[in-house]
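Just one chain follows, in the form predicted on its own, and it is written as structure tokens.
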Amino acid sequence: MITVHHLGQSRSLRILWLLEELGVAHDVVRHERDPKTRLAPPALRDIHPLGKSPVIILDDQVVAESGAIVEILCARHGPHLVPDPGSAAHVQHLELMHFAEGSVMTPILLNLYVGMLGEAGSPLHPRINQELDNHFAYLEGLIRPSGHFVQDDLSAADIMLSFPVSTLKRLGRGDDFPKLAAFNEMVQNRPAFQRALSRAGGD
């Protein structure tokens, strides 16, 4: 049995979605954000020293980091979600798996935190918006005619990229990147995603 420590309104929803796609049994322990600070609760530090989510308990081992969790679960239960090793598609897959938490999340998080500064953060917004445009335009250009990244069906890269792409709607930028908006809609309409959303608590 796998236990997922899920933080409300967080990137850990991707792990629940992956497990639903794979049909792997799992328990979900939900953690709530502090209503004022929006930070994770101290209880998550009892699970992992960084106090972050997602965290899974797998064979009595605590594993953090979305990309690592996705790779481990796919290796065990979902090799069909990863292109054949050594292929050009596999190289692109690895690049996008790291891009999802490395490159594209930087301007997304900067936009969030600088936005909390109000007027004091306004000088930084043009540069942040430029980086958001650059990263989203790159992803828009990678969408295949099938509507997926890398493969013509669901892949682990799709799952990892689902969170940064979902921020487009919250930023009001869906019309600027129609292929990404369509990808986001496709993801949210998948039965496994809807099951994960329900188990996560609806957010």
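Note that the coordinates shown come from a computational prediction; the quantities given were computed from them, not determined experimentally. Numbering starts at 1 and follows the sequence shown.
What comes next is about the form predicted together with a small molecule, which does not appear here.
For residue 39, a non-hydrogen atom is located within 4.5 Å of the small molecule in the predicted complex, even though that partner is not displayed. For the chain shown alone, residue 101 is a contact residue for the small molecule in the predicted complex, at least one non-hydrogen atom being within 4.5 angstroms. Contact annotation for residue 176: none of its heavy atoms lies within 4.5 Å of the small molecule in the predicted complex. Although the partner is absent here, residue 10 sits close enough that one of its heavy atoms falls within 4.5 Å of the small molecule in the predicted complex. Proximity to the small molecule in the predicted complex, taken as a non-hydrogen atom within 4.5 angstroms, holds for one residue of 30, 26, 33, 148, which is 33. Residues of just one listed stretch (168-176, 63-71, 134-142, 148-156) have heavy atoms within 4.5 Å of the small molecule in the predicted complex: 63-71.
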